[in-house]
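The chain below stands alone and is given in structure tokens; this is the form predicted alone.
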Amino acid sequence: MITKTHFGTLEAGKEVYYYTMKNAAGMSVKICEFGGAIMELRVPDKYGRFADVVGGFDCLRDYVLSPGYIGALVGRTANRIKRGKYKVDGKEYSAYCNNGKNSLHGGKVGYSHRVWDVKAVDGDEPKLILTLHSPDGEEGYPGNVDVKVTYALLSSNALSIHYEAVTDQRTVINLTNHAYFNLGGYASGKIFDHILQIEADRYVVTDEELIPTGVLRSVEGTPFDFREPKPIGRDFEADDQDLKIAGGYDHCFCFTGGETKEPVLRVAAYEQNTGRFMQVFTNQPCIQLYSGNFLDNPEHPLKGGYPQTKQSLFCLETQKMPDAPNHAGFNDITLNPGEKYDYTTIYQFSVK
């Protein structure tokens, strides 16, 4: 079942709507045209009680003005690019620098702050097909790029996100979704007790500006080793320079074996009080674990007036490595005419 609801009006006069998808099991998700944002995601606990497990806002203005990219689709390149500079075929391009001296999540007006076209396809497993045209030169990126993101609410209580894109000129692209999770419910407090497992043997080391140094470090013997399940908070206060620089986890984890043809299970998160269990399947090579270290903006409270507080939500952003064009040996994020950018991430919910 899909319903469409008016959400607000942008300053330019554009009307914005959100769509609610619900499956037969009662799981539901709200997706906004603005930024393609996941506004709400309601899943049951071990007693069958439903709660909203993602951060979001009650009004359109907060999505427009709040930092944090809460729930949004981000692009043309997710994550950071040092000084906004990168090369394609030897030619240097400059992306807009919106994060200090660096470019973050697509620039000044990335895909997170665009109004997407939405086509609703109802049924037992309802879908929303979001499309966006990104013109040549937008935010300093070459090529006309047409993006399609399909959100599907599966009967198995999973949310599938299928990313597709084509270009008419060689360019760079790295898409993700920036949903913020707390499996206890978005307003249930700190995330430190969540049990997390990530099938990643290396992570990307960053400098004081959270820009990759080019080093891929083994997780062995570090706070970044989530190959066996452990609480997010267990090593949070460890004497580790990479953790201290970021104020917690804000790092790209490289999956063991890298990219796959089809989505495979890479991440699992478990909240013991509710029994909610989330598994992340993807064919992407990496994931950014972000522990909400900058969630402290009092001007933009979350739904119901709940304040933004640090480490109350976490992100699991499937993607390729940040600043990839500037590092030999990092993932290739170039897209050529005639090729298709084609990746899928599935957030599967259950209880245990």
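This one's a predicted model, so the numbers in the text were calculated from it and none came from an experiment. The first residue of the shown sequence is 1; numbering continues from there.
Heads up, the form predicted together with beta-D-glucopyranose isn't pictured, but that's what we're talking about next.
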Residue contact check: residue 56 to beta-D-glucopyranose in the predicted complex, 4.5 Å heavy atom: no
Under a 4.5 Å heavy atom criterion, is residue 317 part of the interface with beta-D-glucopyranose in the predicted complex? yes
Hey, in the predicted complex, is residue 210 touching beta-D-glucopyranose, heavy atoms inside 4.5 Å? yes
Looking at the partner-bound form in the predicted complex, is residue 103 within 4.5 Å of beta-D-glucopyranose by any heavy atom? no
Interface check vs beta-D-glucopyranose in the predicted complex: of 308, 288, 311, 284, the one with a heavy atom inside 4.5 Å is 288
In the predicted complex, the residue from 180, 224, 116, 270 that sits within 4.5 Å of beta-D-glucopyranose by heavy atoms: 180
Within 4.5 Å of beta-D-glucopyranose in the predicted complex: all of 84, 93 and 171, by heavy atom? no
Of the listed stretches (65 to 73, 48 to 56, 29 to 37, 299 to 307), which one has a non-hydrogen atom within 4.5 Å of beta-D-glucopyranose in the predicted complex? 65 to 73
Could you pull out the residues of 242 to 257 that have any heavy atom within 4.5 Å of beta-D-glucopyranose in the predicted complex? 250
